[in-house]
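Encoded as structure tokens, the following chain is the form predicted alone, with no partner shown.
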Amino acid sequence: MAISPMRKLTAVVLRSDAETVIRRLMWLSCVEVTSPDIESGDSSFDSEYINAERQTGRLDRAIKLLKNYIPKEKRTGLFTRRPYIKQERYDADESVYAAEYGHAERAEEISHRSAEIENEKISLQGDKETLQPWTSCPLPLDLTGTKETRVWFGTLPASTTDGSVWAAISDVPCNVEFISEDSGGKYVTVIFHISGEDAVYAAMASLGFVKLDRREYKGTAAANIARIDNEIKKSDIEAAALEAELYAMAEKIDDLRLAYDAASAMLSVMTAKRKLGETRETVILTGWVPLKATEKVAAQLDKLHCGYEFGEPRAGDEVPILLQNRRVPALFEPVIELYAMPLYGTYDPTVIMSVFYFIIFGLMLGDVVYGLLLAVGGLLAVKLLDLNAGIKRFVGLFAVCGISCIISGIFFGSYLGDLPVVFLDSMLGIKINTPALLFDPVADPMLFLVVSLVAGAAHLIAGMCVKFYILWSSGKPFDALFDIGSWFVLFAGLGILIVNREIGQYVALAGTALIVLTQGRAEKNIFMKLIKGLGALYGIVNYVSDLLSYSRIMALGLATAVIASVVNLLATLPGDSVIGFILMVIILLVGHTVNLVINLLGTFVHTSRLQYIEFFGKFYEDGGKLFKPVRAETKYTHVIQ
């Protein structure tokens, strides 16, 4: 339909009423708060924003932690619907949710402590593994020697032989005691007189001896292992107690979810408050309101002690864009949002774009069963699932496009590709012709190419018609007639050539002359007028290039049909036995699911591309920003106002 007219709201509010005003505007969901055009430093509301952000984050982390401890009756599933809560609960003072904030803080403490316990246990297990080979050693690990002797604990490489050890220490005054061995090496103690320490060190180093780090150990290895086992047991008991506490907290998960949504609403309010201009006693609120919503915004502001006014956008204002379309075309608005919003005051192409999107989508993914899955599945998802507004629009978009797929599938005789023909022939021995009402794209790809190019030509001409309308309605009739109308004459002549060569030539020549003679009308020099006109005629190459881009309709349509045909062939190869039927069902389910998913993505991307490049390229003025009103984005509940 159109881009909603906007009004600039300016309000002066007492500081004490600032939060109340923003909350009321938040529940209206029709005011985008912006920063005022005045110099300002840091907001005095920053600390409130940081606190709201901290509370929201803490509650979010607590809910994610507790989801594994939620009782079965409180777990949410695919078909679980969010509860409806009155608005007053979200506006309640923070003290109302003090218990929930406390639970969230405690859950965070438990999470940190649980991580510490796990790290401690890993460290203790490592120590235990280190000490395990020394359990048969009767000497305390902290023993370093006596007044005249030294004791070393350490390891030798596993490949070390007893003979090599005795040979190395044969001339050294020391004793080597083998404690144990495993794949990691041989564990030994070395006792020697302090006078021969250097010689002992040299001999043992030549064998690859590595000392054991004994700084943390007191007593024998067996005693240390017993101590470690006791500490691990205490850690397990503490971890079990913390887990039990989490299970108890999870019983109150619904309260935490409500508290999160309330904190999220508070965060939205604080985000808007940071944008307010400030004086000592008042704040200045500026923002944008759709024209149709000014009355209800005024009704709310009239209830408060504030002064306000609605003004027209001024030159240089960055006016946000809100598209206004009826129910079905509105489903196609996300396609525009994914590209770029139009500039304020320009043309909204949603309605006409949605018609061609619908047609082209069906041509690319034309199959009755695929279309039924999209249409019926989309409608059921909207009805049965608790989807947010953004996802719901996309699901609705695919559901509507599913209808287009059904229509194209009937025309092209595609029911899971050529499954009816292949099944009856291979499994039942019955031969039938294609059920297509028009033609089979796989059997006649050139005709499908013609259909694709005809659809593309109509799409391009529609874009030019929009440009003609924009120029004419903006008070530039000559630009519309010469810049667009002359091309229409040329294209009409080329079309008539197919029916009547003589008339078509004259009409095409007339269009060519109009282009050459009018495209340089802004130039003063007659030669420059002619040169620019001839240069503009070269634009026909761009039109031909744009038209050829629509051959991708044929490519995507054939890809869908051919892959479906291959799946059907593979599914019917096992024959008409019981096992053959079972395998057929499995292959059909897997194959067609993959085909639908892959080509659904390709169809969405390429249908959108044809809108963005070929269609929008003829008239679209982008650069607008999406209208984002301050609103409470609830995640776990619905708001009843």
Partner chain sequence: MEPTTTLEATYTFARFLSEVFTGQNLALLGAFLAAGFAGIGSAKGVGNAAQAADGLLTEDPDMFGKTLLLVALPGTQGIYGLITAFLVMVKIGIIGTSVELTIGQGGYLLMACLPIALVGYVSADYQSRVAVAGINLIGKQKDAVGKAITNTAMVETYAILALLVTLLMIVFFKL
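Positions refer to the first chain, counted from 1. Predicted, not measured: the structure shown is a model, and the values here were computed from it.
In what follows, reference is made to the form predicted together with its partner chain, a form of this protein that is not presented.
Worksheet item: Pick from 50, 605, 579, 585: which residue has any heavy atom within 4.5 angstroms of its partner chain in the predicted bound form?
Response: By the 4.5 Å heavy-atom cutoff, the listed residue in contact is 605.
Worksheet item: With its partner chain left out of view, which of 379, 555, 494, 223 would have a heavy atom within 4.5 Å of it in the predicted bound form?
Response: When its partner chain is considered in the predicted bound form, the option within 4.5 Å is 555.
Worksheet item: Three residues, 460, 481 and 619; all within 4.5 Å of its partner chain in the predicted bound form via heavy atoms?
Response: No residue of the spot touches its partner chain in the predicted bound form.
Worksheet item: Does residue 551 make contact with its partner chain in the predicted bound form, using a 4.5 Å heavy atom cut-off?
Response: The answer is yes: residue 551 has a heavy atom within 4.5 Å of its partner chain.
Discussion item. Check residue 124 for me: does it contact its partner chain in the predicted bound form (non-hydrogen atoms, 4.5 angstroms)?
Written reply: Close contact is absent here: in the predicted bound form, residue 124 is far from its partner chain, nothing within 4.5 Å, heavy atoms only.
Worksheet item: Wondering, does residue 609 line up within 4.5 Å of its partner chain in the predicted bound form on heavy atoms?
Response: Within the cut-off, so yes.
Discussion item. So, residue 442 and its partner chain: in the predicted bound form, are they within 4.5 Å at any heavy atom pair?
Written reply: It does: once its partner chain is placed as it appears in the predicted bound form, residue 442 has a heavy atom within 4.5 Å of it.
Worksheet item: Just one of 529 to 537, 379 to 387, 555 to 563, 413 to 421 has heavy atoms within 4.5 Å of its partner chain in the predicted bound form; which?
Response: Selected stretch: 555 to 563.
Worksheet item: What residues in 113 to 133 sit within 4.5 Å of its partner chain in the predicted bound form, counting heavy atoms only?
Response: Nothing in the stretch sits within 4.5 Å of the partner.
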